[in-house]
Structures are given as C-alpha cells and as structure tokens.
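Shown next as structure tokens: one chain only, the form predicted on its own.
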C-alpha cells in the first residue's frame, strides 16, 4: 500500500486541529445489528447546482447496490447547499437504522459532527468525493484533486501560448470553488502551481460560495468592469462556474471570448466546448467512483473492510482511500474520452442546436 503525502489534505489540517477529535487511528467499527442482506445504506450528496450528482453519482450508486445486494435499500438525500440541512438528513438516516453512510459533505469540517454521531451508533462513514475533517472515517473515495487543478491550469496556459498571448499581454481571472469544499482548495492549489510558474498574472480570484454559478457570474462581471481587455483567460473550477463566467463575458460584449476552463464534463459544459464558448473541462469517471463507494458500503454492511489503495492523512489518522485519475478534455477529446466511456451518448450531446458543431468536431 502506498501513502499519499500530507500535502493532499494540507488545506484542512489547521481546521482539523481545532476540532475535538480523539484517537490516532480511524478505528472503524460496524456495530449495527440486523440482516446485512436487507441493510439500509445512506447516500448523502451536497448540492443541486452540480448536475452530476443527480445525473450520475446517485443512479450509478443505486445501480451497483442493487446488483450487489438486491434486498438492500438506499436512503437518499441532497443537502441543497446547506450544511445544517445535511446534518438533519444524516440524523434522520441514523434514526432509520442505516448500517453505512456514504457522505459527500457540503462542508467538510462541519460534517465531522455527522461522522461523530455515526461512530457513536457503530455506523461507518465513507467520505465520497470530498474529504471530511474527521479521523474516524472508514474510507475516502475521490480523484487526485490537485492533479485536476494542474490539468485545468496547464490547458489554459497552453491555449494562451497557442493563441500567441504572452504573459505580458494580460492576466487570468481565477473563479475557484466553494470555500467549504476541501476539494476546491486542492483544485486551487494545483492550478496555482502551474499558473504561478507560467508568468501569467492572476488579476483577481474568487472562492465561489456553494459553487453558485450566479455568484460566479456576478463576480466576473465586476472584474470585467475593473480589468477590461486585460483579461486573457479565465480559470473556472467547474462547468457551472464556467457557465456563469461565460455568461458575464457575453453580456459585456467580449469578443472573441478568452479561453475558459471547467470540470465534471457536464452536458452544458461539453456543448459550450463544441461551440467554442468554453475551452476545456475535466472528465472524471463517475461510474467507477460511485461503484467503488457502493461496493465498499456493501462490504461494510457485511462486516468486511477491504484494504485501500492509498492512505490519506486526517490529523493523526491514516484513512484507507481510493483516488481515481482525472482526464483533461478539449473539443478533440470529447468523442474519444467522454462518448467512448458511455458518459453521454451522441444523441444526448448532439441535439439540433449542436448538430453542426458536433459534425465539425467529428463527434456525430
């Protein structure tokens, strides 16, 4: 088993320190009684503004649970961007007798209290996609998030070079993710590693509350007023915030649009890439991620604890973890990566409004 460096979770280390969390290992137990063949398994997702949760994560997770445990029941809830609501949803699921919680936290620090409540009832918690600031996690499943940021920034810097835009010609706006999402801090860290070494100036940056594309749009509008033509590129941490940034650029009459990054290969983001409004996204194979979470949940419901592929440090605990590899996608890779993997079909992507762009890109 390999071990990831502590830098993987450096962004939350100081926050973890102020929490009252005991023990030097995660010490997970599975103390809920009952028939594991008819177990209740909780799935808690963080928000509704990110399309992937309802279109991919939830159905893939439920599909795999049904395949592995036909008698099991998935209890599902979405926090709608509200940490207090997610806490209430978790408490409700624990009251209903779930044997395992799979938790994608809206707020990775606040969600530590959910892990504490679950531990008191002998219910293991899998941190799904976003890390939770608790040493009592059973597992952590996500992607190499610093690599996501590096892929985004490298694509942006390379595109600016291709366009003949020199570092002295202008600078980059950074529309980062939510300040309550540990992943967002890792995306930002990876992106800064590339941008800071590139010579391009970061004109301004913004941590988007709740990943809200409307807030991203409003902020970018203000920066257009402030910097005007000095903006030569936009680092947007995911596709919805990219959409907000692009909407503000179009509203201001900016033409041609500067290259804008994204993440999650959402349908709208891919269609913007086809038309040239957005430059790139990052594809994360959500089926393997959701399937892995479901498989571990069934294992935990049956008292089994498989070994993780790596370990991620939270405080003094080493959490067994699975980190998948993300892929950068520009127009030329949509068919070979996104379509080939079955994430979307050509029919879904190439609706009448995008048929010509699909043909031009070799997708249809």
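Note that the structure is predicted; figures quoted are calculated from it, not measured. Positions refer to the first chain, counted from 1.
Form predicted together with ligand BGC: not shown, discussed below.
Colleague: Mind checking whether each of 64, 99 and 295 has a heavy atom within 4.5 Å of ligand BGC in the predicted bound form?
Modeller: No residue of the spot touches ligand BGC in the predicted bound form.
Colleague: Given that the partner is absent here, state which listed stretch (190 to 198, 160 to 168, 251 to 259, 123 to 131) has heavy atoms within 4.5 Å of ligand BGC in the predicted bound form.
Modeller: Of the stretches listed, the one contacting the partner is 123 to 131.
Colleague: Please tell me which of 146, 264, 107, 136 lies within 4.5 Å of ligand BGC in the predicted bound form, judged by heavy atoms.
Modeller: Residue within 4.5 Å of the partner: 264.
Colleague: Just to confirm, residue 211 within 4.5 Å of ligand BGC in the predicted bound form by heavy atoms?
Modeller: Judged by the heavy-atom cut-off of 4.5 Å, residue 211 is in contact with ligand BGC in the predicted bound form.
Colleague: Is residue 50 near ligand BGC? Define near as a heavy atom within 4.5 Å, in the predicted bound form.
Modeller: So residue 50 counts as contacting ligand BGC.
Colleague: Consider residue 238 of the chain shown here, and say whether it contacts ligand BGC in the predicted bound form, taking contact as heavy atoms within 4.5 Å.
Modeller: Yes, contact at 4.5 Å.
Colleague: Does at least one non-hydrogen atom of residue 272 fall within 4.5 angstroms of ligand BGC in the predicted bound form?
Modeller: Although ligand BGC is absent here, residue 272 would stay clear of it in the predicted bound form, with no heavy atoms inside 4.5 Å.
Colleague: What residues in 177 to 200 sit within 4.5 Å of ligand BGC in the predicted bound form, counting heavy atoms only?
Modeller: The stretch touches the partner through 181, 183, 187.
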